[in-house]
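We begin with a single chain expressed as structure tokens, specifically the form predicted alone.
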């Protein structure tokens, strides 16, 4: 079976500027070589990875490990400096729920708008609106403006809409990081059903319990390098041990 994602010797570097950025330095840098004022860091370095169709992969690592960079390259939002990437699927990239919604539109109008951002037809969202609002616990708020909602209500609405997205490959970047425990449980029930499905998920997260419960495999990145890729339990255990008193499964 051919992988849905194939990565070979993938590398990406970014310039990191030294000193404070001001209007003067921006103008100066536009007409002179900026390399003197910055140095390069490896966001990813020589990453090799095969992800098969239907697999659920957790991407773990400390801040700055390269998790988000990897997802953005897979999604086509960044180009690698070196290496080869093959993605044999349509892709949905979710980096925080609700991006693109508008404060002055109603809850119902934002559900339609957010669905459109991810390719859902207006008729599809309207047909699902009652269930969509019920799941989000927002039935009584359908005509309320988005700006009157709490952050938790906002997140529930966005996640509820994404349940209707039909894609073969989903990339999630800390999508549940701001969720309260009640909302997390609702989301976990959705992922529990999807765990046995044929859709492919690549999830960058600090939530190690989510990785061990939902993902069959995990990729551990450290300063852009692949430290381990294999069974989720084993990779998470190795990551925890390497961090000493660092992240723990909760």
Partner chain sequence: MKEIKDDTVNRNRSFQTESAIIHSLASYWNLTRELTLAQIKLKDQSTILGFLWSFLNPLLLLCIIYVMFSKRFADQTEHYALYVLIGLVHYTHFANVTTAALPVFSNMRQLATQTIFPKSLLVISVLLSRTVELIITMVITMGIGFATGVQQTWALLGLPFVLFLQMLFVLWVSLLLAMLYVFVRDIFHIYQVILRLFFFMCPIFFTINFVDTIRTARVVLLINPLTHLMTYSRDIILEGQLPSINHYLLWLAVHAVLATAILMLFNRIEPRLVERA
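Numbering follows the first chain given and starts at 1. Only a predicted model underlies this, so the values are computations on that prediction, with no experimental measurement involved.
Quick note: we don't show the form predicted in complex with its partner chain, though the next part is all about it.
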request  = Using heavy atoms and a 4.5 Å cut-off, decide whether 12, 81 and 120 all contact its partner chain in the predicted bound form.
outcome  = yes
task = Considering only heavy atoms, tell me if residue 152 and its partner chain come within 4.5 Å of each other in the predicted bound form.
result = no
request  = May I ask you to state whether residue 93 is within 4.5 Å of its partner chain in the predicted bound form, using heavy atom distances?
outcome  = yes
key: Proximity of residue 144 to its partner chain in the predicted bound form, heavy atoms at 4.5 Å   = no
message = I'd like to check something about residue 104: if you look in the predicted bound form, is any of its heavy atoms closer than or equal to 4.5 Å to a heavy atom of its partner chain?
response = yes
note = From 137, 174, 109, 168: within 4.5 Å of its partner chain in the predicted bound form by heavy atoms is 109
request  = For the heavy atom contacts within 4.5 Å of its partner chain in the predicted bound form, list the residues of 43 to 61 involved, in sequence order.
outcome  = 46
